[in-house]
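Presented as structure tokens, the chain that follows is alone, the form predicted on its own.
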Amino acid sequence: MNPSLLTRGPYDGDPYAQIISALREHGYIRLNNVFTLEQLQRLFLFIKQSGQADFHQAGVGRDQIHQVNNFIRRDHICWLDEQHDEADFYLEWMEELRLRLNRELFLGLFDYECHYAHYPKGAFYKKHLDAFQGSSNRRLTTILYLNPGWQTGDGGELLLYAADNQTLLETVQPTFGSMVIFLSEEFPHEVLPVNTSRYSLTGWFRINTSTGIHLDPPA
């Protein structure tokens, strides 16, 4: 199976099976048309109607080591919670994917967290991993792009690299409704500088790393 297979969405075929097959064989997949135009417009309308107060500059690291670093990334984010009714269908779809992944790939995925991301003109995110092997609870990254009318030259492409940190596997244009899913610990990636506002919905399936003295996620 080609990991860049373009699917027709959940109403024609089984996208979950396609995702599972690609993850098993390649560790990533790029898709188009997973959601309907109406669903995508609901998500995009929320972003356009949100004020600047809803988004804050993203940082690197978590908890005590979290900090804003303009040298590494310059995007702004808005975390989803139970108040985001516009994304109900999206979270339900991800929950079904989580159950299928656990049943067929035994990944032990515990929950899913996600945020809207806005890259204003000139913003970027330098090459990084979403998780470090053996020391993170993030196992699978998902990115849904929400950019109607995106044109060649607008920038903001996602570059996905092999585990050697050098071999380029994919150049993903952030076109409206396209999606990429990949194993968080395996694939370094970066976002090239954008020439116009760029939007996405980015999330991570996580495992539970709670212990007797450590609560995951933190209270």
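Fair warning: this is a prediction, and the values are worked out from it, not measured in the lab. Counting begins at 1, following the sequence as shown.
There is another form of this protein, the form predicted in complex with a small molecule, and it is not shown here; the text below is about that form.
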{"query": "Contact test, all of 73, 128 and 189, partner the small molecule in the model of the complex, heavy atom 4.5 Å", "finding": "yes"}
{"query": "Answer option from 87, 94, 109, 143, heavy atom within 4.5 Å of the small molecule in the model of the complex", "finding": "143"}
{"query": "Residue contact check: residue 34 to the small molecule in the model of the complex, 4.5 Å heavy atom", "finding": "no"}
{"query": "Any non-hydrogen atom of residue 43 within 4.5 angstroms of the small molecule in the model of the complex", "finding": "no"}
{"query": "Exercise: residue 29 in contact with the small molecule in the model of the complex, heavy atom 4.5 Å", "finding": "no"}
{"query": "The small molecule contact at residue 194 in the model of the complex, heavy atom, 4.5 Å", "finding": "no"}
